[in-house]
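A single chain, nothing else alongside it, follows as structure tokens in the form predicted alone.
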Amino acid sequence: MSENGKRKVKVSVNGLTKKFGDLLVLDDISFTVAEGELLCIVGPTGCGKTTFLNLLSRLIPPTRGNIMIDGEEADPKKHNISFVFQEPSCMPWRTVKENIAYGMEVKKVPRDELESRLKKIMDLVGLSDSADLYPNQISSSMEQRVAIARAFAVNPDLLLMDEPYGQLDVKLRYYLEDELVRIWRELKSTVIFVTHNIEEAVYLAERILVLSNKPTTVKAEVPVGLPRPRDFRDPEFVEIRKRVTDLIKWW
């Protein structure tokens, strides 16, 4: 399990089950996430990955099971659970700086601390020069950087990312993947990243969870012990990608 076994458990998912009427979507899912781990989740189209994230974020309640953060039941009123969506989520009436500050305002972070965090995160993601621009004045990749900065700025107990680069072209995606790894290593946040792109998962993750078709369970855990920065041509990278692909293809 790579470095996961050496670190404190940050998030514990226990028997997570979700039914919509008679339709069983998620079936008794259990796993842990280490403090500061970057975990990727992949699975076939329609297996319930977004439902899974909605449960983890407590946007919807589970039918059975629970999610624990630092040994306590996950509670958005108590824990900082941040979410980065696939669609752009900037508020068009707020500047870049105001968008990034929004989560901290909701959490009522004291003004001095808010300004300090805001400066640090904007420098980290390279948006300081764009602080006073509005979303319609920046590029798609910059919009996603705003969303990522806003999520990291609240010092999240858990950061959930739902295919955030799925609609970007390949060059932008590679750039933002590297940005994410750099920010994650700097801030040591715990990240669960859902993607349909297997190569992206191998590039980013310390560990990959492979989900089955519905009713969805955890089919396999694949450790990714590759050094960073990772090389798509590395034979070990190619072998891990093939292994995950085969796990998704064959039922």
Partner chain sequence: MSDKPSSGNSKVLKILPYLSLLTVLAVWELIVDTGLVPNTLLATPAQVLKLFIYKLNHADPDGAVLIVHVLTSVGEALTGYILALLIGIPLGLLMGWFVVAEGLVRPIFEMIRPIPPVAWIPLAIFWFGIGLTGKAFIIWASGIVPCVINSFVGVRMTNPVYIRMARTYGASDWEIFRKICIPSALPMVFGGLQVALAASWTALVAAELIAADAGLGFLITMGRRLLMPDMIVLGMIMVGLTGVAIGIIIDRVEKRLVAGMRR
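Numbering follows the first chain given and starts at 1. Just so it is clear, the model here is predicted, and its values are computed rather than measured.
Heads up, the form predicted together with its partner chain isn't pictured, but that's what we're talking about next.
Enquirer: Each of Tyr175, Arg233 and Arg243 having a non-hydrogen atom within 4.5 Å of its partner chain in the model of the complex: is that the case here?
Expert: No residue of the spot touches its partner chain in the model of the complex.
Enquirer: So in the model of the complex, does any heavy atom of Gly126 sit within 4.5 Å of its partner chain?
Expert: Heavy-atom contact with its partner chain at 4.5 Å: absent for Gly126.
Enquirer: Check Cys90 for me: does it contact its partner chain in the model of the complex (non-hydrogen atoms, 4.5 angstroms)?
Expert: Yes - in the model of the complex, heavy atoms of Cys90 and its partner chain come within 4.5 Å of each other.
Enquirer: Could you confirm whether Thr190 comes within 4.5 Å of its partner chain in the model of the complex, counting heavy atoms only?
Expert: Flag for Thr190 set to no.
Enquirer: Within 4.5 Å, heavy atoms only: does Ser82 come near its partner chain in the model of the complex?
Expert: Yes, Ser82 lies within 4.5 Å of its partner chain in the model of the complex.
Enquirer: Out of the stretches listed (53 to 61, 217 to 225, 193 to 201, 28 to 36), which one is close to its partner chain in the model of the complex, meaning heavy atoms within 4.5 Å?
Expert: After filtering at 4.5 Å, what remains is 53 to 61.
Enquirer: Here the chain is shown alone; which of Ala74, Val154, Met142, Leu118 has a heavy atom within 4.5 Å of its partner chain in the model of the complex?
Expert: Exactly one residue meets the criterion: Val154.
Enquirer: If you apply a 4.5 angstroms heavy atom cut-off, which residues in 103 to 121 are near its partner chain in the model of the complex?
Expert: Counting only heavy atoms within 4.5 Å of its partner chain in the model of the complex, the contacting residues of 103 to 121 are Gly103, Glu105, Val106, Lys107, Lys108.
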